[in-house]
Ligand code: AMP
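Form predicted on its own, single chain, as structure tokens, below.
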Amino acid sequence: MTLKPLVKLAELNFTNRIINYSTTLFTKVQSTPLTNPVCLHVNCDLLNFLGIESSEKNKPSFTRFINGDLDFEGPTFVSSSYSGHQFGHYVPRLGDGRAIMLGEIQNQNGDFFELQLKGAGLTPFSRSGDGRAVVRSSVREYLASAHLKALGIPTTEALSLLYGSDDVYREEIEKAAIVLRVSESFLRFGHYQYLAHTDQLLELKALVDFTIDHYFAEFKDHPNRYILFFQSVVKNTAKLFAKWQAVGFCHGVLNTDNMSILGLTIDYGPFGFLDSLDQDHICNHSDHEGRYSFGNQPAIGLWNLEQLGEALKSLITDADLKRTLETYSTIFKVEYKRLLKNKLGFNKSVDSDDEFLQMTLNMLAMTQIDYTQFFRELSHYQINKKYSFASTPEVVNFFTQYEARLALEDSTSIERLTQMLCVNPKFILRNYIAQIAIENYEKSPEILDQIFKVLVSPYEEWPELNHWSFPAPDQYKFMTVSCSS
């Protein structure tokens, strides 16, 4: 296929398929541009992937574009309504409280992507909020979405990061920011829940048909398309959660309105990566009961799918819903096991693998060895080699069993090293690294750029930046993160 040439911003063709589909879910809005906007960073690879000329990012028109201050035609400013379960309690009316969709564009490959401004001002769904995002949370989302993509985890993305001189009031006074987010679709479980709970069943059927036609096209003309669609959502969600668990990622706010229908990581708030393995780790200090703790995530994924299934009962029988939901645990376990075995350098399957994997996780939890560093160092495993972690009885026992298990593999040490270095990152977005970027965004923006480059290539060695592969220094050890953005 011949690729189309890269285009300028003014030449973007907005198709607006989802917006044109429904007047029920989408409401036209006006953005509120930031004062004295400064474009802090642009994801150049994503800009190119979207088919936009890289030179555009240096023009004043690009800053106006990502500030929601448009001087050319094309985008349609809308926000969508949805509902959802927040911390287990159903809230009938939520929606894009600080997100404004510009529409959908098509890249050179013919793929469609929605563009959305987060923090561009009040919408009808802002409730008591101000429609703004702050620099703190915007930097975190911008870095995290690029980082998870580099880790091979399905995610929404962020094209650019902008800040202004406007004051925003949260726990303290902060500066406002806007993130231009990109996704195949921003449809959430909550969109389907909203239509079901308001008894708009014809609209619900139309939304599901739209979703299948555009994102699950292989089922478009199938007589059982609705159940096949739901099966795919269950499978994609189970695999997403397995990837989170394997890399040690904790989302923090897994409300049903924060669940992507495509199985993408969406709505980065008080997320965090584990330092050491702790199933009870809570990355959101507003989560007082630990509903969304690291160890609870897989079960919450199933619970949220059950709520989606309840919303689809007018299209799918109870028996089919039940059978499909029962596959979640198996899909999750198979994928999680596969990922852990890859991290350990295992290609073969033996009967004792389940016991070995559980022993490994127990050892990591008991010793509190840094989770990411452990697997990275293990990639270089050699008999009798000294490692940075202490030789506790649990660690000694692990290496004894690990050596025996490796003896059952056919791969050479070089082959194993190559494989493991591709799945065990040296760098993760630890909270303190994000905090360094936040603290320096204005006076030293080059630090943000440096951090971004490391996070989008987390398997590289980056020897000059080795210090960012270590756990938090003392001054950052007790950081907490909230939902506030």
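All values reported here derive from a predicted model rather than from experimental measurement. Start at 1 and count along the sequence shown; that's the residue number.
We do not show the form predicted in complex with ligand AMP, though everything after this point is about it.
Note on the interface: of 373-381, 155-163, 256-264, 223-231, the segment with non-hydrogen atoms within 4.5 angstroms of ligand AMP in the predicted bound form is 256-264. The closest heavy atom approach of S314 to ligand AMP in the predicted bound form falls outside 4.5 Å. Taking the partner from the other structure, ligand AMP in the predicted bound form has no heavy atom within 4.5 Å of any heavy atom of F294.
Though the partner is left out of this view, D209 does not reach within 4.5 Å of ligand AMP in the predicted bound form, counting heavy atoms only. Shown alone here, D96 lies within 4.5 Å of ligand AMP in the predicted bound form, counting heavy atoms only.
This chain is drawn without ligand AMP; in the predicted bound form, the residue among Q401, S276, Q307, S126 with a heavy atom within 4.5 Å of it is S126.
Listed residues N397, S388, Q86, S413 were compared with ligand AMP in the predicted bound form; Q86 is the one with a heavy atom within 4.5 Å.
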